[in-house]
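This text opens with one protein chain seen in two forms, each one given by itself as structure tokens under the names structure 1 and structure 2.
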Structure 1
């Protein structure tokens, strides 16, 4: 056994990981979620808004991180649409508008067919320039956005009437997979204009780097699938009662993805323990220096 583990072919590890992820997905293995303070803070920030309030939905991610960020994007849109907020979608990532389109098709067009494009929600699309885009739209949104993502003039979009800059937004919700993302929104929007409220949902690798901005610049933060699952629970507990069971699953994707995450995490811990046992056995035998 020692020799087998010492020279373990990595394809065995790949197979174990495949099973650790595939089995919980196939059997829809789920576990209870207990929301943490940060997820509760995100929920509370949105709850504090009144119907008709304006929310900037800055979707800064792409299909590569959809698995991690898609569930929280779905939950954010559902929560905001349920509360009757005006949704202004935009992106600092080139394929961000596609993620917005998917989100709109999946949530708004399916479950909120009464909402009207241009009146209740709009996709402003992508602009190049990363943080420089934020720096401009914070004082003059029309300096960059002359049309929405579909090419419709801003002048012809009813919900853009009277919108001069994003300081007029009652809340910014940012979903970020990296640069440009939440850090840039904190540095170039919230820091110079402290009245702006910002909450975010980010990938697991980004979350530790954003803790220093909590709670002043960033009152709430969802970290990866775990954060999404916690937030989903809060949203579904509050507003999920009326959704038919066959449609409810799309609002519980985070919870569903926590099953594979648990098994994969346990597998990694077991692999590290086994590798250390092999290492110390080898050391005792004098095979390792």
Structure 2
């Protein structure tokens, strides 16, 4: 066995990794998820809201990060729409409005056709300026947003009546792939105005950088596809009973994507162990210096 493993062509290892990723995808293999405290906190913040409460949905990501963040966006919209919350979408990223439109088409127009644009949800679109946008809308949203993403005047949108700034929002949900994103929302919205409630979903590389803000400025946080899968479980356990089976998988994208990731990680660990066994066996035999 030692000689076989020592001389194993590395192409077989590449083939094993291909199978480890492909098989879970092809057969839609999933594994149980146990939500962590941070995912539970995100869920609880939304659960604490009442029908008609206002939620600012700040989608600060683009297609490059959709693999990690798209499932969060889908689950957030489904959860909020199910509870009857008023959804105010916006973005600090140029491609953000398209991600919002895709999210609305995938969730609201499919599973909540009774919701009316301008009454139950609105896409305010993109504004350039990064954190400068937050600094303005925290006290005067009409100073920047005179129309929605479609060009409709704010004065003609029913759900914008009486909205002067984002301090009137009952919760801010931010999905962030980088700058500008959750860090800027924490620093320029929540920190100077501690009554603002913020939860977020971010990429895996961002999550550790936000831990210092938990739980004061950031009571809940979803990190990468694992956080998305945990949150999906909470939402589907609470509200997924009425979704037809043929449409339910779109609300389990995070869980489905965890399958190949888990198998691939297990394979890597096994390969590391085997490689070390081969190395130390060779060293004991004097074949490795």
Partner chain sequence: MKRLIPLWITAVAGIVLIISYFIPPLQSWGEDAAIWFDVLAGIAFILGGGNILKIHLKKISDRVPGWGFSVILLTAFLLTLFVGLSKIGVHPNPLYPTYAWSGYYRQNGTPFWWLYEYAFKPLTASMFAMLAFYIASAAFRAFRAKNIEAVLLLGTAFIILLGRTFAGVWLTSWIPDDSGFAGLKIENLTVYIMQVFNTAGSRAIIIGIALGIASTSLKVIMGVDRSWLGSGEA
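Every value quoted in this text rests on a predicted model; they were computed, and no experiment measured them. Each form is matched to the other, and the largest set of C-alpha atoms that superpose within 1.5 Å is called the rigid core. Residue numbers count along the first chain shown, from 1.
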property	result
Of structures 1 and 2, the one that is the form predicted together with its partner chain	1
Relative rigid-part rotation, degrees, compared between structures 1 and 2	21
Core-aligned CA shift between structures 1 and 2 for residue 11 (Å)	7.5
Cα displacement of residue 22 between structures 1 and 2, once the rigid core is superposed (Å)	2.4
